[in-house]
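To begin, one chain is listed below as structure tokens, in the form predicted on its own.
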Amino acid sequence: MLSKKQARFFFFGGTILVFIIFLGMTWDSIANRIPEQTHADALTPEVVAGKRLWDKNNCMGCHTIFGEGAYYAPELTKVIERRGEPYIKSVLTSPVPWAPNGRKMVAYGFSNEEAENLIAYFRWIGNVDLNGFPAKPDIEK
């Protein structure tokens, strides 16, 4: 059994040790992991313009990216990988609203440049290392 003095030393020593480990892991995440996983060097003006269009048109009101947003419409984190750029461009530039699976997609009628900017944003998002999120469905054909 520990004396009161030993218990206090054990508590404060453990707390300080865990805090130092926490600071080291935080520094490693900020200095090394985040830039490596997000590919911040690949942020182009087109990607930034695509993000601005995403925010301006409140796409997150229906869709999710990185698991954040509404769950009315599909998750778009890996949409380029799933659907391909031509399909996405046709959806974004369509002048007619369409309703896949009964869920109506607004016809924004984006210009070709705006669609390319959004595709650049989706491409950048698709290359972010999310440690396996979203999981690929295990479907055997």
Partner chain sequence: MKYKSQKVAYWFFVACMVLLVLQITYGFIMAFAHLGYDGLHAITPFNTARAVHTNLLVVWLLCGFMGAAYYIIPEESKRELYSIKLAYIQLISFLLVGVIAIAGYHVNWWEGRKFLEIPRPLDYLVVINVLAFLFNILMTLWKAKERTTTAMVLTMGLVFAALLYLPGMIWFDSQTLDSFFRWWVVHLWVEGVWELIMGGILAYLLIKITGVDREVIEKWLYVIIGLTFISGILGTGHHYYYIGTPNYWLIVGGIFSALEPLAFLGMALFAITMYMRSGRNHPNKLALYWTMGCAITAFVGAGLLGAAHTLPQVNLYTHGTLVTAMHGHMAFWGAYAMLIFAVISYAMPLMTGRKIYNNMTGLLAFWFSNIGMIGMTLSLGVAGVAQVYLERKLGLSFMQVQKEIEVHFFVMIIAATLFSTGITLYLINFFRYGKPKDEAILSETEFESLQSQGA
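All values derive from a computational prediction rather than experimental measurement. Here the rigid core means the biggest group of C-alpha atoms that line up within 1.5 Å when the two forms are laid on top of each other. Positions refer to the first chain, counted from 1.
The following text describes the form predicted in complex with the partner chain, which does not appear among the structures shown.
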property	result
Close approach of D28 to the partner chain in the model of the complex, 4.5 Å, heavy atom	yes
Partner proximity in the model of the complex: A73 to the partner chain, non-hydrogen atom cutoff 4.5 Å	yes
Touches the partner chain in the model of the complex: A115 (any heavy atom, 4.5 Å)	no
In the model of the complex, K78 touching the partner chain (heavy atom, 4.5 Å)	no
In the model of the complex, residues of 16-40 near the partner chain [heavy atom within 4.5 Å]	V18, F19, I21, F22, L23, M25, T26, D28, S29, I30, R33, I34, Q37, T38
Displaced residue check between this form and the one not shown: N32, CA, 2 Å or over, core reference	yes
